[in-house]
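One chain comes next, on its own, written as structure tokens: the form predicted on its own.
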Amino acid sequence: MFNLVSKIIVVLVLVITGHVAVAQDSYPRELITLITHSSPGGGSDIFLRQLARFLGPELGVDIVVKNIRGGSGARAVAELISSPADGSTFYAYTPTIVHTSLLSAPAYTYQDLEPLVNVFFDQAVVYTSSTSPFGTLNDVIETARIRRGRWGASTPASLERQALEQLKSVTGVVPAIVTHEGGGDLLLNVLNGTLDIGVGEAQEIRSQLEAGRIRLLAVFSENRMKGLPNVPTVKEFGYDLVLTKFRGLAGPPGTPPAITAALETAIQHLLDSSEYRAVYEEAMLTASYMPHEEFERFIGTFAAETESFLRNTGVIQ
């Protein structure tokens, strides 16, 4: 009798602390909410909605996407932190909240998040309206030497904003850099000619590219993208700039290991599936699976390098 009671107590402790594996067919929640700071049609919004189509059936749950705009991710993160750490709510983790944490004083920073799993690296592209006079990235830069110009990024704390600041620094030009509430707003201002160029995710502008309304000038990647073999890298123009944008999922602090393990298994399975691969490759995303511990280390390194850049350039003191 004593042994039976002891075993029951041990099982209860394991369940409470989250140290029991969650089978893929018995995920403990029936509904998952995926939060993003992105506006509808923005990169993170598209990422989550495509992921939800496949992750829901994989875990046997319903998934909804919730857009919480404002504060360059601060409002969305605040909602995540106030949510229970029970596997019911996750956040689309991108560099934006790292930049927001370093550039301002939000109530919660990237250090309050629990990095759970990384899914993709997303390549950022420089684009212009198809009716603009710019045929190459050098055309944009030389024009900026003459009349300054206007370049656009998404949120003020975005990695794309940092990329444009770096491009300004290495070229010696001083265009105005205009930020927006999201990639959708940025795209509109490029299309209507308010901006000379925009920098955004390839998946955000794919429909307009296919419609012939925008022209790609360069990509901030180490090598040319598989899906865009004719688009040169920024490095090919002589500027050693490479942009690494991660897309993963974060949870509230204290997310049980069993929940993390369930997500890791599900994401690995999805990235290997031919059906999902066809979707994310069409969206020009690069699969880059990182489990919890590796993703946590990656975030620490990324944040340290970003802070170093911002201090060296005088953006923060």
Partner chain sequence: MDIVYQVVALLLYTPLIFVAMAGVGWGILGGALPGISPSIAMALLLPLTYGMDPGLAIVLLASTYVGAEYGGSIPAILINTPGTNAAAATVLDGYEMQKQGRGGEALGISLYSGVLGGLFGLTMLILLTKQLSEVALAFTPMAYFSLGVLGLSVIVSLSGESLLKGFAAALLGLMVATVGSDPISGVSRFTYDQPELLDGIAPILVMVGLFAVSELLRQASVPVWDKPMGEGARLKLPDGPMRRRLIKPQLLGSVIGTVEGVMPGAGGTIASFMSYNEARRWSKNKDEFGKGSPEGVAAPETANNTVAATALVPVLSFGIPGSNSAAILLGGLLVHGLLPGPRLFEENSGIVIGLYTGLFVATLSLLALGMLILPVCLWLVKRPKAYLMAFIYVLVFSGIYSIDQSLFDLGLVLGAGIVGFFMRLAGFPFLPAVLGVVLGYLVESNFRRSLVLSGGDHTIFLEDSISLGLLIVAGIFIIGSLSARMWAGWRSLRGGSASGSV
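Keep in mind that this is a model prediction, so the values were computed, not measured. Throughout, rigid core stands for the largest set of C-alpha atoms superposing within 1.5 Å between the two forms. Residue numbers count along the first chain shown, from 1.
Just so it is clear, the following notes concern the form predicted together with its partner chain, a form of the same protein that is not shown.
Here is the short version: of A266, I32, A52, I46, the single residue with a heavy atom within 4.5 Å of its partner chain in the model of the complex is I46.
For the candidate set V173, L216, A74, L228, a heavy atom within 4.5 Å of its partner chain in the model of the complex is found for exactly one residue, namely A74. Looking at 216-224, 235-243, 103-111, 118-126, the stretch with residues near its partner chain in the model of the complex, meaning non-hydrogen atoms within 4.5 angstroms, turns out to be 103-111. At a distance threshold of 4.5 angstroms between non-hydrogen atoms, R247 is out of contact with its partner chain in the model of the complex. In the model of the complex, its partner chain sits within 4.5 Å of a heavy atom belonging to G41. When its partner chain is considered in the model of the complex, G70 lines it closely, a heavy atom lying within 4.5 Å. In the model of the complex, L191 approaches its partner chain with a heavy atom inside 4.5 Å.
Shown here without its partner, the chain carries A258, H292 and I299, none of which come within 4.5 Å of its partner chain in the model of the complex through any heavy atom.
Applying a 4.5 Å heavy atom cutoff to its partner chain in the model of the complex picks out R206, S207, Q208, E210, A211, R213 from 205-236, in order along the sequence. Once the cores line up, the CA of F90 ends up less than 2 angstroms apart between the shown form and the other one. Once the rigid core is overlaid between the shown form and the other one, H180 counts among the residues whose Cα shifts by 2 Å or more.
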